[in-house]
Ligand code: ADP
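There is one chain below, alone, in structure tokens, taken in the form predicted alone.
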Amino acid sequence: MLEVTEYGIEIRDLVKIFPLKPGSQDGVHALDGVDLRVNPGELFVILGPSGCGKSTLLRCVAGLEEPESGEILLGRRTVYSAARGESVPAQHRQIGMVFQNFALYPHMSVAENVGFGLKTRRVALPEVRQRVAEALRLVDMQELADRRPRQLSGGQQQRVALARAIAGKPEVLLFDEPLSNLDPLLRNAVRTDLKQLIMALRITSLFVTHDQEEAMIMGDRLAVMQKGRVEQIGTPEEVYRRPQTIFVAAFTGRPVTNLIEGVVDLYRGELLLVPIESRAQTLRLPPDLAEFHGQRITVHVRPEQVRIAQGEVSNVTSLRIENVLPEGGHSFVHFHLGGPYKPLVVRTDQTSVQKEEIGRSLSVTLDGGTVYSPETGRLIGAFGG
């Protein structure tokens, strides 16, 4: 009997262990109790560094890896259940997959590449032609049906790989870092087109990437993974603005973010953060962090959440400018924090601070951010906007 789920994909307490050597009882937990629910028609992104388990998770959903325990449901049916000894073979899971390497056959035309999988499944030739034509129309490649892969750009090859995946009428689309082999300029253009195509298809999609910017652009929602576990699930805005752990805060910094461990102190009516490893420097905090007075905390602020007080110099909260890096219509200003700390990075408009001001000291205020327990690394508060 099929188990009904309201989700496009549901993953329950999934564990995957890779033995250290054949026959060994010890191994690496590539997936360590992963729970995940993807809504029907949703484009859901799995984000994390190399080795976090994101590709292993994708391969388990596809049926290319066998987990040790847990359950996987696709649409209205269970495709894997360790408790019941069920495992539907990959070819019967109704999934389409787009790999990092597009894996197009160079001796075949575009149309032949798209229809190859259908022919191996012995789909009738008239239906193969119909499905190939429809898939190429959806990705706007019908006029290039007779070309060979070498005659196509990287973006066009990516569209052919997507057409091949959707020609099989999948219930779920899986993307394993499909843009990582493209050059940066092409990658930016293709990711926008790809998201529009996926949205138009309305097929439940799981998209794996290590690129935080790509995850923020592509995902309706995303999950951040580390060491086989899901650290946080939310919309791109939720994950960026309110990271639940220090790891998520650091990993989603674009291009950088600020993490400072210190003690909250009060001096002449001003609330200050005194860095643990550099007590000669202090940072002004807003009054809404007064509840942490006397406590040791880790403060996280994005570069755009730090305010430079132009024309104001305070012996307590002034930091020396180490560098000014212009970037288009804005600049990143690096302030010296001392000790082992990385510079405090502040994003400003390009006219606010000039390179000629390197070495000058200015007062800064942390206007908004999140607060973490240094012991657990988990969120314990937030402040500002």
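Predicted, not measured: the structure shown is a model, and the values here were computed from it. Position 1 is the first residue in the sequence shown; the rest follow in order.
One more form of this protein exists, namely the form predicted together with this ligand; it is left out here, but the text below deals with it.
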Requested in this report: Spell out, yes or no, whether the shortest heavy atom distance between Ser50 and this ligand in the predicted bound form is within 4.5 Å.
Outcome: yes
Query raised in the report: So in the predicted bound form, does Leu64 come within 4.5 Å of this ligand, heavy atom to heavy atom?
Result: no
Query raised in the report: Even though this ligand is not shown here, does Ala30 get within 4.5 Å of it in the predicted bound form, heavy atoms only?
Result: yes
Query - Contact flag, Thr317 vs this ligand in the predicted bound form, heavy atom cut 4.5 Å - result: no
Query raised in the report: Tell me which of 352-360, 37-45, 327-335, 51-59 has residues with heavy atoms within 4.5 angstroms of this ligand in the predicted bound form?
Result: 51-59
